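Just the one chain here, the form predicted alone, laid out as structure tokens.
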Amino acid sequence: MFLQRTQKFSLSIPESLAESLEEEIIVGRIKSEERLTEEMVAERYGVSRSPVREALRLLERDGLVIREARRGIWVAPLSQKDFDEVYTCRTPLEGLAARQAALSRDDVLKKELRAVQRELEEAQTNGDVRSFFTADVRGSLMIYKLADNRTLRRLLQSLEKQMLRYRFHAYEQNVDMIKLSLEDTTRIFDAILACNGDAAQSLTENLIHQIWQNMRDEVGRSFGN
């Protein structure tokens, strides 16, 4: 799973099912506004309806599905307006995380960013969007860990799932976004390793703003305004 917050062996059936559904929603195999029923999910994954019910509650908690009385459950919609709202909040929060990561004294974890950079380079060379996205998300999680700010992490988590849906869409729809992300992510990692908080924050905010502005029209065409 992209977020890799739990070990697979420790997950309950509802948690494991929720993570599988989460991944399918993030990469678009389950579409924006697609209706979900307990029966459909149970049949698709070969489980009973009881864990499905709990899994859907977990997805509702994380903002990936919406439930309304007499209307049922469906995947949370994507739109240009929502995209703007998410990225308006994401830009300063990610910048602050990068700044605080640069100030961290955890040199071991910082050096692991170089391994992520190599994975990003290999994925770009191979044209592997899924691997690039997975490595990119792992790099972000390492930066959050380096920042060591529980309040900041909680704020980012509130945006995380919806944010990842747009992030994957950007990489999948526009290969230039991958090139831009790799070049600027390398500079961000350099700044973090150099303990340059100002540069890490500025570069991060600039990268996210560029992706935001470059993808707005595409998001509007794909999902509406």
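In case it trips you up, residue 1 is the first one in the sequence shown, and so on. Since the model is a prediction, treat every value here as computed from it, not as a measurement. We call the rigid core the largest set of C-alpha positions that still match within 1.5 Å between the two forms.
The discussion below concerns the form predicted together with the DNA, not included here.
> Could you spot which one of 60, 172, 38, 33 gets a heavy atom to within 4.5 Å of the DNA in the predicted complex?
Of 60, 172, 38, 33, the residue with a heavy atom within 4.5 Å of the DNA in the predicted complex is 38.
> May I ask you to choose, among 47, 66, 182, 27, the residue with a heavy atom within 4.5 Å of the DNA in the predicted complex?
By the 4.5 Å heavy-atom cutoff, the listed residue in contact is 47.
> Please run the contact check for residue 187 against the DNA in the predicted complex: heavy atoms, 4.5 angstroms, yes or no?
Judged by the heavy-atom cut-off of 4.5 Å, residue 187 is well away from the DNA in the predicted complex.
> Hey, in the predicted complex, does residue 127 get a heavy atom within 4.5 angstroms of the DNA?
Result no; residue 127 lies far from the DNA in the predicted complex.
> Please check if residue 111 has a heavy atom lying within 4.5 Å of any heavy atom of the DNA in the predicted complex.
Output for residue 111 is no: heavy atoms all beyond 4.5 Å of the DNA.
> Is there a heavy atom of residue 71 lying 4.5 Å or less from a heavy atom of the DNA in the predicted complex?
Taking the distances in the predicted complex, the answer for residue 71 is yes, it comes within 4.5 Å of the DNA.
> Given a 4.5 Å cut-off on heavy atoms, tell me which of 140 to 148, 96 to 104, 71 to 79, 117 to 125 is the interface stretch with the DNA in the predicted complex.
Only one stretch qualifies here: 71 to 79.
> If I superpose the two forms on their rigid core, does the C-alpha of residue 71 end up displaced by 2 Å or more between this form and the one not shown?
Moves: yes, 2 Å or greater.
> So with the core overlaid, does the Cα of residue 208 end up 2 Å or more away between this form and the one not shown?
Residue 208 C-alpha, core-superposed: shift of less than 2 Å.
> Can we say the CA of residue 158 moves by at least 2 Å between this form and the one not shown when the core is superposed?
Result for residue 158: no, shift under 2 Å.
> Do the C-alpha atoms of residue 155 and residue 67 sit closer or farther apart in the predicted complex than they do here, given a shift of 3 Å or more?
The answer is closer, because the C-alphas of residue 155 and residue 67 approach each other in the predicted complex by 3 Å or more.
> Which is it in the predicted complex for the CA atoms of residue 56 and residue 158, closer or farther than here, knowing they shift by 3 Å or more?
Distance between the C-alphas of residue 56 and residue 158: shorter in the predicted complex, by 3 Å or more.
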